[in-house]
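The data below hold one chain only, encoded as C-alpha cells and taken in the form predicted alone.
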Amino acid sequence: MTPRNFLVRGLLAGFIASLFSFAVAYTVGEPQVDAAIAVEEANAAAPADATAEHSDGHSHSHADEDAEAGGTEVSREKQSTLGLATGILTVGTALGGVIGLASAFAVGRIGRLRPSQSTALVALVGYVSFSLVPFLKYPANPPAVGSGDTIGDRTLYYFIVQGIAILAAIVAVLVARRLLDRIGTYRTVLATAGGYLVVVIVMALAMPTVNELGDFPADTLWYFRLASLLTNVTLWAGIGIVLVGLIGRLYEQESVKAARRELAASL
C-alpha cells in the first residue's frame, strides 16, 4: 500500500463526493443564494429610486455601467450551473487527494487501527478542524451581508481560527498516541477530545465577533447557512465513505496477496 494508491483513490473519492455535493448545492443552496440576491437588489433599488426622483429623468443601470466600462457579465444561470460545478469538482477532487495522502501518512501511526479505520479517523478529524470549527465561529454569509471594507479582516479571522483548529487537532492526535497504551482507548478519547474542545472554546471566545447582518431577513440567512453546511457535510462525508471503502478493499487485496506469498514461501 503506497502513497500513490492512497492519492489515486483519494482523488477518485473526491470526484465522486463532489458530484453529490454539487447536487445538494444546486438543489438546496442555489435557491437560498437567489433569495439573498433578491434582498440585495431590493435594498440597492430603494436608494436608487430616491436618487432618480432628484435627477433629470434619465435612468442609468448597472448593466449600462458594465457596458460603458466594457466589462463582461456572467449570467446567473452559468454561475449556478457550470461555475458551481467547476468550483466544487475542482476543490472536492483536490481535497480528496489531500485526505488520501494524509491517510497514507497515518497508516500504522495511530494505535493498532487498520488502514480503513485510520482513514475514517483522518477524514473525521479533518472535517472537524478544517471545516466545522471555523464555520461555527464565522459561518458563511450570503450576498448583501457584510461590508466590503472589512472583508480582509473577516478573511484573516477565519484563517486564524482554521489554523488554530488544525494545529490543535494535530497536537491532540499526537497526545492520543502517547496516552493510548497508558490509560486505554476510552480514557484517551475522553482526554484528547475534551482538551481539544477546551482549546476550541477558548479560541472562539478570544477571537473577535463579526456582526454585520443589519436588517437582513433572519429566515433567509438561516436557510442559506444551513444549505452551506449541508453542502460541506456532503462533500466531506462522501470523501470519507468512498475512500474508506476503497482503502478497505485495497487492504483486503494486499492481505490476500501477502498470505499467498507466505504460504508459497512455506512450501
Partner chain sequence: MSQVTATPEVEIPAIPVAQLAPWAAFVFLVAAIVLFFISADQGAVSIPSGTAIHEWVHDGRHLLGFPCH
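Quick caveat: nothing in here was measured; it's all calculated off a predicted structure. Positions refer to the first chain, counted from 1.
One more form of this protein, predicted in complex with the partner chain, exists but is not displayed; see below.
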Taking the partner chain as it sits in the predicted bound form, is Arg109 in contact with it (heavy atom to heavy atom, 4.5 Å or less)? yes
Although the partner isn't part of this model, could you tell me whether Arg178 comes within 4.5 Å of the partner chain in the predicted bound form, counting any heavy atom of the residue? no
May I ask you to check whether Gly29 falls inside a 4.5 Å heavy atom distance of the partner chain in the predicted bound form? yes
With the cut-off set at 4.5 Å between non-hydrogen atoms, does Ala120 touch the partner chain in the predicted bound form? no
Which of these residues, Val91, Leu124, Leu167, Leu136, gets a heavy atom within 4.5 Å of the partner chain in the predicted bound form? Val91
Proximity to the partner chain in the predicted bound form, single hit among Ala237, Val199, Val39, Ala227 (heavy atom within 4.5 Å): Ala227
Identify whether the partner chain in the predicted bound form is within 4.5 Å of every residue in the set Ala172, Thr209 and Val242, based on non-hydrogen atoms. no
Which of the residues spanning 242-262 lie within 4.5 Å of the partner chain in the predicted bound form, based on heavy atoms? Tyr251
